[in-house]
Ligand code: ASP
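One chain comes next, on its own, written as structure tokens: the form predicted on its own.
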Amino acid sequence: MKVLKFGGTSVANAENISKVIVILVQESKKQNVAVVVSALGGVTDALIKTGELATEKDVSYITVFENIRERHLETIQSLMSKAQSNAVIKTVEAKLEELKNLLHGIYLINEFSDKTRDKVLSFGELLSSYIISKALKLKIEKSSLKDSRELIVTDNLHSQANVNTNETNIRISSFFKSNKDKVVVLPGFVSRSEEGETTTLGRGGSDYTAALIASSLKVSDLEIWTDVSGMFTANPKLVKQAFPIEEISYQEAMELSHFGAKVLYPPTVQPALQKNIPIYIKNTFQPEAKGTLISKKAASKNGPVRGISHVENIALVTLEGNGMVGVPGFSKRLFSTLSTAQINVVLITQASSEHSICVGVYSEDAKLAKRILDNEFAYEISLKKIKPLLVEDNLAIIAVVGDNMKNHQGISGRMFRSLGQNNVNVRAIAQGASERNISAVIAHKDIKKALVSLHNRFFEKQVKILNLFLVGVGNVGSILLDQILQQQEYLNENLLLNIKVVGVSNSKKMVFDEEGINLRHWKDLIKKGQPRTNQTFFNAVKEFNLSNSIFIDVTANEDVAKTYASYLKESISVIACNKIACSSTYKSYRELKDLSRKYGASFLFETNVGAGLPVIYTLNNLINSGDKITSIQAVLSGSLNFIFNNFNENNSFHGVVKQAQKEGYTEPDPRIDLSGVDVARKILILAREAGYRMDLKDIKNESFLPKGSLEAKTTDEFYKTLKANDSHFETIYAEANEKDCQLKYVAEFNEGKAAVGLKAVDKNHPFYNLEGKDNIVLFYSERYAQQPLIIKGAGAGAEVTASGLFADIITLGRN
């Protein structure tokens, strides 16, 4: 014989009930079946609402009742023909009239006691089981209905009755021994006291009903049919990579159920465990799916951790004070007081110093817990032996569960390292001696981030997900998105990096997709995006609260640069192409570096100097390994190098500058490049990264531009001044050419001083043969005192700048 239980979603309507009947027809061909059913999905909550409204003298309880009535009648009419349904409707109407009279009595006397509540709630299962049994009778002649209240005997503790196991076993065994039907339908959840009053078995009581019957009859297996294909490694609504657990032990199932896995009610396991009856969790809507087998000893295919679960709406209540140390009785008084008030303690942790005891309770009980505990310990609080009760709300508990965790070293370490790396703060920790469950209290807002990171750590190929939020989709930004699209599959396969672009923004619009923006169509998507400001973009990134979030600035905008601190404070890493932040005041630069360390968020800006060249990376390696920079010589402007490599007697200076702008080697406003400010910022950043405290005003800027060009107010006016001063530039070129020298715009740092300016370098200088848009950097240090460490290569252009940003993304992902 087999026992099957179908939950509320499985019998929510006529369509679902029809699926249940198909399953029962198939099962009845193999063996006899006892089937336990819940109330129609949502009806139990509606019944509670009717009672509460009636108690409050709110006549709208009648509207809720009528909705319940209509739903049951519609279900009947959809399951059977009019001729078949007449008698069924008549009986159901009689039961509903009884319920209506009961609710009217509650309305009159303003009382909704636990005893009355049990009577009201019992109608849900009694109605559904009657309707289902009549529909089933049309398909299976040898089927019948049995009222579970005649089989399950309890005490008088209404709403959470305790079962008289011996009497219940006798009644169940006796009934099924004499019953000859192939299928027996029974209402779940309901029972009867020894005095004959209707009682209920508490939350998830239908599961318990099925387990009691299975245990009494020692059946081959118990099947719990629900709307998911088994117990999952994590909540699939929050963790899309979660998958059904094929096999799990009784103890593991109970742990996961206690911590929020809603497909199974924890006490259900006990009767089945005692008789070693396998439990299957099956999907009514995918009956062919394998589901989950719960048994005494389950095979493990996915390592020591079997599942990750969580409980929401938790508050921490902390009793703390020096007066507790060495004084017995505090724990007893704490738990006794909470127990008397029927407040359930979900988690307990105590410092070995006995200085504090911390318990987790449901948020709805937090205010009451504080009030009664402050009252209980009022005397000690008045003497300042202990502090007033501290309550922290908006928390949740996450639990990592697995029988075999105790046999594997480092599970706790891996768990908390994963949480730490994703900036999930742990408020409290609890771990039993069996090591079957490691629990941690975290902020409610971090639930999804925590579950995803832990699931990735324990169940998935160790692919690290990077969630990118990019501002600036001009030339460089567009190319970066193309590069990411091209390399996504390669990085996933070879570097175990899953790069998702979650947010993209230009100066006016922004678009987001938590699953990752389709990079083939981002241009079309952003046109339809929502209005964007720096604040609204930041708010959206913060609201997503995704693990490994990275903000990428591909602009030259000062206002965008001012937002970096906000991101870092939220533990969101920053990658910047924009040089403004790192070349602003030393105080601001230092603050960003400090925030990066404090909040565990990376701040990378390799492309600030040398575009895609590893200039800052190399410099940092020298410093981190204990070397000291003494001098830097560099050509740091690919734009200026391109200009002076192409400027000669055949090409006018202003013509070459226009060519450089057209080909994307200069900023849209070429004055930024030619004024030397951009190069000054770059040498400043290198000096700071080398450990020197400097500001932009400390950089000597020896401009080669005429005064009129420096004072030009617009780009057009600037070009006019260049053309008007052709002779000035021709003289500069002629003087260098006469000496057989090349013109290079050079940045120098030496002994704490820095300068930038145009220089004529001879054939013996490393800069002489620097071609095109190339950059070159010479690092002199205590280790490289005679011969410098040289970095040379393309230092301008959208492609190499984008690749430099991409390199920072990969570097961050591999850290």
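In case it trips you up, residue 1 is the first one in the sequence shown, and so on. Here the structure is a predicted model, which is why all the values come from computation and not from measurement.
Unshown form predicted together with the named molecule; subsequent notes refer to it.
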Original post:
What is the one choice in 203, 509, 427, 542 with a heavy atom within 4.5 Å of the named molecule in the predicted complex?
Top reply: 203
**OP:** Please pick, from 642, 745, 564, 189, the one residue with any non-hydrogen atom lying within 4.5 angstroms of the named molecule in the predicted complex.
**Re:** 189
Original post:
Does the named molecule get within 4.5 angstroms of any non-hydrogen atom of residue 775 in the predicted complex?
Top reply: no
Original post:
Quick one: is residue 50 in contact with the named molecule in the predicted complex, heavy atoms, 4.5 Å cut-off?
Top reply: no
Original post:
Does the named molecule get within 4.5 angstroms of any non-hydrogen atom of residue 39 in the predicted complex?
Top reply: yes
Original post:
So, in the predicted complex, is residue 553 in contact with the named molecule at a 4.5 angstroms heavy atom limit?
Top reply: no
Subject >> Per-stretch contact check against the named molecule in the predicted complex, the hit in 69 to 77, 724 to 732, 204 to 212, 417 to 425 (non-hydrogen atom, 4.5 angstroms) >> reply: 204 to 212
**OP:** Heavy atoms within 4.5 Å of the named molecule in the predicted complex is the criterion; list the residues of 125 to 142 that meet it.
**Re:** 125
